[in-house]
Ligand code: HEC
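Shown next as structure tokens: one chain only, the form predicted alone.
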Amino acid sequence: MLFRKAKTILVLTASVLFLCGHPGLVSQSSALSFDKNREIALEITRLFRASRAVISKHQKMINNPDIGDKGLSPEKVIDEARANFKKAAGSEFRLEAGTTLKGLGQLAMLNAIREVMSNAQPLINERGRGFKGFLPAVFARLVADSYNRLMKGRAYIKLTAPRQYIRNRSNRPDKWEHNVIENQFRNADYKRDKPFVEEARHRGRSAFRLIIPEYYNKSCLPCHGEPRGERDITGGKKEGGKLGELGGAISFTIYK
């Protein structure tokens, strides 16, 4: 009980810092080394992917009309995301204390997941309704929107994809993302799963940028596989993607 109270106090205290801003944070981020920025970007994107995997894992249960309360509370999703993070990173997810960019970025992602899952409870727990439309991609987009709002121009995360696979125009790759996807990720010699990092401008600002390729797995193909042009469960047209093919990317920006 004491641990839960302490954790709640930590979340609320840091949330106040988000709302009020924190002097010196911008200058701190511009002073970070390239390697430190890379560490932060990888940490946040891994947690982002780890949380999306929870929704993918429970998709069948979410769409089960015979079950009311699915038990997918915000903290349940975060606990499973932490387990996924450990499996991917090889180490525990540890929230960095204080007002460092890493700590605030970590907390923003946790709070974004909490916000999205809290808002989604009536939908995912609705008995008698099958397909809810609460797909991994929808969850990820909502979390990204919440994260970007909480970070207030300090960092930015986005789902994107090769242009021919874009369904939501807000996810269209910008020029830098498009060039990396086409000239790096599509190159046969590019190492699979390797993040691409570079200092490059974003929305007119100097920034550190990281983008991670993502490939179609079995859970993606019912909506994005073959036959191309057929309507999927969402009503969208399938892209004709194949297992293991480059299907998307996660783009992360830290502003200087």
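Sequential numbering from 1, following the sequence displayed. Bear in mind the structure is a predicted one, so any value in this text is a computation, not a measurement.
One more form of this protein exists, namely the form predicted in complex with this ligand; it is left out here, but the text below deals with it.
Colleague: According to a 4.5 angstroms non-hydrogen atom cut-off, is Gln106 in contact with this ligand in the predicted bound form?
Modeller: Result no; Gln106 lies far from this ligand in the predicted bound form.
Colleague: Answer for Cys220 alone: is it within 4.5 Å of this ligand in the predicted bound form, judged on heavy atom distances?
Modeller: Contact check for Cys220: yes, within 4.5 Å of this ligand in the predicted bound form.
Colleague: Would you check, heavy atoms only and a 4.5 Å threshold, whether Leu243 touches this ligand in the predicted bound form?
Modeller: Close contact is absent here: in the predicted bound form, Leu243 is far from this ligand, nothing within 4.5 Å, heavy atoms only.
Colleague: Evaluate Arg82 for contact with this ligand in the predicted bound form, applying a 4.5 angstroms cut-off between non-hydrogen atoms, and reply yes or no.
Modeller: Because no heavy atom of Arg82 falls inside 4.5 Å of this ligand in the predicted bound form, the answer is no.
Colleague: Given that the partner is absent here, state which listed stretch (161 to 169, 111 to 119, 88 to 96, 174 to 182) has heavy atoms within 4.5 Å of this ligand in the predicted bound form.
Modeller: So the stretch in question is 161 to 169.
Colleague: Though this ligand is not shown, can you say which of His224, Arg46, His58, Arg209 has a heavy atom within 4.5 Å of it in the predicted bound form?
Modeller: Going through each option in turn, the one that passes is His224.
Colleague: If the cut-off is 4.5 angstroms on heavy atoms, which of these, Val143, Ala137, Leu101, Met151, is the one near this ligand in the predicted bound form?
Modeller: Contact residue from the list: Ala137.
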